[in-house]
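One chain comes next, on its own, written as structure tokens: the form predicted alone.
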Amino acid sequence: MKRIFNILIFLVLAVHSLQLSAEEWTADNIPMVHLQDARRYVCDPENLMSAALRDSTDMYLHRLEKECGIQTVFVIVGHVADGDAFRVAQDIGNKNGVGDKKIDRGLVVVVAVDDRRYFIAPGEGLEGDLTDVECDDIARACIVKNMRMGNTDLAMFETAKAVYSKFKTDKTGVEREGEDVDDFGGLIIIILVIAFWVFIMLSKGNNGGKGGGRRGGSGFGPFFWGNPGHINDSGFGGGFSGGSFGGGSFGGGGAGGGW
């Protein structure tokens, strides 16, 4: 019994030691990838996302800036200073001047995985169009739901997609907490099953029978998750040159919490 107790103590101390040794991220040391590459908006210094989903998230955020004039910084890290995602989001926005100075339509999203905290911070000029309630709806449907399942990819991707949808259609496309989504969920399952069956059938056709082989890739193609490996760079714009921020400011609006 004493031996088991000692083992448990050792494990607790080991985990605590790992947490203490983990990088503590702040607005001062999170690399602003947009400044190195104008196509990049997701700061993921610990590579917590897959490359494919990070590219797809960047794609939506690139379109958000080009089509809607909203400049963004999405951050996903393990641990932020004091576990305060709100403070880090505000500091990133103000320190870097995310968004155009004249209209202040910037947006910063911070997700701290190990802290289990997040914050969505709109710039001062964006608060009227992206309200605290809408930020909360998006966060609960996209960040909280997916992070409870440990899915960092979808947490960031669906957040970007919801924000883009909001400014293109005036609807986020997410369900508010408490709404009945059972029928919709069932429909999604049916669609996925049918899509999988169609994929299998098409794969058999492309293999050309016993003598056929795969013709490059996995069969899903770049359209499945967006732009993995920058395959569609010709339509992405910006090249490899660095981008810039416009001098926007942040006043404390938005929504945050944990999961």
Partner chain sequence: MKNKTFWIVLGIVAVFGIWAFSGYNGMVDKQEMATTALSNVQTQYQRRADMMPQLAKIVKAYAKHEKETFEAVTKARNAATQIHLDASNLTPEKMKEYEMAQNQVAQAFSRLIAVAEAYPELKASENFKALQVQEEGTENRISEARKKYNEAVQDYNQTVRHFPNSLLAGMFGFDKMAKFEAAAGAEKAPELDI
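Numbering follows the first chain given and starts at 1. This is a predicted model, so every value here is computed, not measured.
The following text describes the form predicted together with the partner chain, which does not appear among the structures shown.
Trainee: Among 115, 100, 158, 127, which has any heavy atom within 4.5 Å of the partner chain in the predicted bound form?
Mentor: Spelling it out, the residue with a heavy atom inside the cut-off is 127.
Trainee: Does any heavy atom of residue 167 come within 4.5 Å of a heavy atom of the partner chain in the predicted bound form?
Mentor: Outside the cut-off, so no.
Trainee: At the 4.5 Å heavy atom threshold, is residue 145 in contact with the partner chain in the predicted bound form?
Mentor: No.
Trainee: When the contact criterion is heavy atoms within 4.5 Å, does residue 251 count as touching the partner chain in the predicted bound form?
Mentor: Residue-level check for residue 251: yes, a contact with the partner chain.
Trainee: Is residue 149 a contact residue for the partner chain in the predicted bound form, using a 4.5 Å heavy atom cut-off?
Mentor: It does not: once the partner chain is placed as it appears in the predicted bound form, residue 149 has no heavy atom within 4.5 Å of it.
Trainee: Taking 4.5 angstroms as the heavy atom distance cut-off, pick the stretch from 158-166, 73-81, 105-113, 131-139 that is near the partner chain in the predicted bound form.
Mentor: Only one stretch passes the 4.5 Å heavy-atom test: 131-139.
Trainee: In sequence order, which positions of 73-108 have a non-hydrogen atom within 4.5 Å of the partner chain in the predicted bound form?
Mentor: The stretch touches the partner through 86, 87, 90, 91, 94.
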